[in-house]
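Take a look at this single chain in structure tokens; it is the form predicted on its own.
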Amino acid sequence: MTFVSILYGLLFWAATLVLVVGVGRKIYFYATLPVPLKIPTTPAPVTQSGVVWRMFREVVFFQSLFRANKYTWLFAFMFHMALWLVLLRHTRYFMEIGPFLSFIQPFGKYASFVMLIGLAGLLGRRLLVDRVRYISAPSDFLMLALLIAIGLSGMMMTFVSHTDITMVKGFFRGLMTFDFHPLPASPILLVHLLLVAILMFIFPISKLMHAPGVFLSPTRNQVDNPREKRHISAWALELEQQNKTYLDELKQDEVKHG
């Protein structure tokens, strides 16, 4: 067992812990944040089933982005759909793949090209569009650069300098059972894994949290029925109950003392 294998094993254990705990805390924060008003973006659905259909269109087809800017939608859609294929292809490192995952392996392999084209388009938008560049923070550019570097290093292992896939599988499956296995001494692989670990560390504090956050956005997940049903946040309902209890106690005191 090499020092590098042990180092990367500890690194990915720490990165996974940070990712799971960090994302879990953020989701809990989003879910418990008070929403005192009905603020769905109109035109909004007036039924719960309509909200589900709206969320499906947003998550799968990026409907609002399509309406706002067709070029941005195209690059974002290319990146996200290709990313799903690439991630599904990577499941072979953690589990035995069935017929479906075996079928999509070639598609995930070449989806990396589409993913990089999408990322390049999104980066070009931030660099070339004045109003977008004006509101872009350095972290926006660094995040895109990190994703591009991860994609490029992964493609190099696939199309330029191949690595021992069997050893990589053994390494990650060993980590899942707290058992160290040797990692191939491939510089490109080590760079790729280091970049992925960095992404896992910063994911919970980055704008990439829009991935789970979209499901908890009140502008998207609320039913537009303020006239039919009064909207009261949980904290407001609790406060109202406390006030009612206090008033009842005052009335009882008044009756008791005449």
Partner chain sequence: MADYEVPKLNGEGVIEIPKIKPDAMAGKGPYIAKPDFQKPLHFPTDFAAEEGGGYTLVPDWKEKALAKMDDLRHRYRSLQLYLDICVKCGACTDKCHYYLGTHDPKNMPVARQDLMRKVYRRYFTFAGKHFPKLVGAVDLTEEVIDDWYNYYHQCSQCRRCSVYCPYGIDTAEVSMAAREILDHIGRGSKYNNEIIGKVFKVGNNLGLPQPALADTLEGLEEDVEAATGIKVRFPLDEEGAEVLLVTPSADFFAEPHVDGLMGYAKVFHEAGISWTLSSYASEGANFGMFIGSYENMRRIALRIREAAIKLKVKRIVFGECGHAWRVAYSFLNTLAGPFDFLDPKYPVPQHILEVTWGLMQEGKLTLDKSKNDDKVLTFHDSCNVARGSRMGDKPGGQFEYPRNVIKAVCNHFVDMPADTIHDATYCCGGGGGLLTDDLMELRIKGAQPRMEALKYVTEQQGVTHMAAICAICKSQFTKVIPYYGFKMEQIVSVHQLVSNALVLTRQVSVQARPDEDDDDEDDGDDDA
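Positions refer to the first chain, counted from 1. Each form is matched to the other, and the largest set of C-alpha atoms that superpose within 1.5 Å is called the rigid core. Keep in mind the model is a prediction, meaning the values are calculated, not measured.
Keep in mind that the form predicted together with the partner chain is not shown, yet the notes after this line are about it.
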Looking in the predicted complex, is the partner chain within 4.5 Å of a heavy atom from each of S139, I205 and A236? yes
Report the stretch among 88-96, 168-176, 118-126, 155-163 that approaches the partner chain in the predicted complex to within 4.5 Å, counting heavy atoms only. 118-126
Test of understanding: in the predicted complex, would Y134 fall inside 4.5 Å of the partner chain by heavy atoms? yes
Is the gap between T42 and the partner chain in the predicted complex 4.5 Å or less for some heavy atom pair? yes
Even though the partner isn't displayed, in the predicted complex is R25 close enough to the partner chain, meaning a heavy atom within 4.5 Å? no
Is there a non-hydrogen atom of V60 within 4.5 angstroms of a non-hydrogen atom of the partner chain in the predicted complex? no
By the heavy atom within 4.5 Å rule, which residue out of I198, L190, V51, V214 makes contact with the partner chain in the predicted complex? V214
Could you check, with the core superposed, whether the Cα atom of W13 shifts 2 Å or more between the shown form and the other one? no
